[in-house]
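The form predicted on its own is given below as one chain in structure tokens.
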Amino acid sequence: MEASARSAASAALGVSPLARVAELMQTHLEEVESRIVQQAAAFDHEIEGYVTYSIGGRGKRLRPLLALLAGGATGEITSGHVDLAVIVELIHVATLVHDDIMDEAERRRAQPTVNARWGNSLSVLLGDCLFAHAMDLAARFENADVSRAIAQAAREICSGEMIQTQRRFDLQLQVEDYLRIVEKKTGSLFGAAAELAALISEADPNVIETFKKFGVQIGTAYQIYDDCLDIAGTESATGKTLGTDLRKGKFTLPVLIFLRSASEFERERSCQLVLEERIEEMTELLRAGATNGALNESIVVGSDMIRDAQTMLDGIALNSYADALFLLCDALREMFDRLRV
């Protein structure tokens, strides 16, 4: 069944895609969640509380979910897939700890960030500990390709963050530059989750490569969503500090699309608003437009990327987990739709 037909079948059932995926994966996700919580015991008892706090604010767990679904779509979900799911989530949490330091964010998952509670010095080290622990877990796989790919993904994440930081307030940044950055900082870990799940299932090399590309595509799209949410969301609904990208001079897709067609006067005015941290005024510019503002255009780009990712799996053998991957994509597209203004 092609992507469009699967999506139509999901809509016809009248049940939200994410609810159907959650129901299918509940037992596996509970096992992953239990294993994530157990990781705190691997640390020295004097820092165990910090680790527990950082991993305890349960997020969407999209990366573990992707690893499990890709594992089920290419074979049976095994303990190896659960291990992989734990590893990719620990890496993700480590990046969040570091991101919040750089952004001076005060809220994450409806609670104070680690840096807001204990300061930057301890938070940097905590993020490093989580990274190192994830690498330690990855090294326990018999297949060295797994640990190698995890290490490469971690390197790509850090590289993407460094390039984005290096190019803050850079008016020469292009959409293509942005997409390269977000593919590194977010797409790479999604790609590793899907690729390695297929590898653990001992899938055909072409299938493994397909899942890697699929993961990178939806990961990149999800970062576009998160960047749009930073502009269009509300802190009460998201549970995290918003507007940090603009305050820190990170020009995300809505900003770049706006600047691409802006007059010289509009560009200068935009820069002034950002420098003066007049975030609400800048946000209104990104929402505005005769028929379609920069924010809505960015939403279309991200949603189209997810639709393209779905078509990558058209040749994958049918089972409930493969269908759930399509449903997960539908759920992500619905998230984009809710941001439209």
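What you see is a predicted model; the values in this text were computed from it and never measured. All residue numbers refer to positions in the sequence shown, first residue = 1.
Unshown form predicted together with another copy of the chain; subsequent notes refer to it.
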Exercise for the section: Answer for Gln166 alone: is it within 4.5 Å of another copy of the chain in the model of the complex, judged on heavy atom distances? Expected result: yes
Exercise for the section: Consider Arg117 of the chain shown here, and say whether it contacts another copy of the chain in the model of the complex, taking contact as heavy atoms within 4.5 Å. Expected result: no
Exercise for the section: Considering only heavy atoms, tell me if Lys212 and another copy of the chain come within 4.5 Å of each other in the model of the complex. Expected result: no
Exercise for the section: Decide whether Ile257 counts as a contact residue for another copy of the chain in the model of the complex under a heavy atom distance cut-off of 4.5 Å. Expected result: no
Practice task
Find the only residue in Leu171, Ala237, Leu122, Val175 having a heavy atom within 4.5 Å of another copy of the chain in the model of the complex.
Solution key: Leu122
Handout entry: Listed residue (Glu266, Asp128, Glu106, Asp204) with a non-hydrogen atom within 4.5 angstroms of another copy of the chain in the model of the complex
Key = Asp128
Exercise for the section: Select, from the options 228-236, 142-150, 82-90, 266-274, the stretch whose residues sit within 4.5 angstroms of another copy of the chain in the model of the complex by heavy atom distance. Expected result: 142-150
Handout entry: Joint contact, Ala294, Val300 and Glu334 to another copy of the chain in the model of the complex, by non-hydrogen atom at 4.5 Å
Key = no
Handout entry: Contacts with another copy of the chain in the model of the complex - residues in 175-193 whose heavy atoms fall within 4.5 Å
Key = Arg180, Lys184
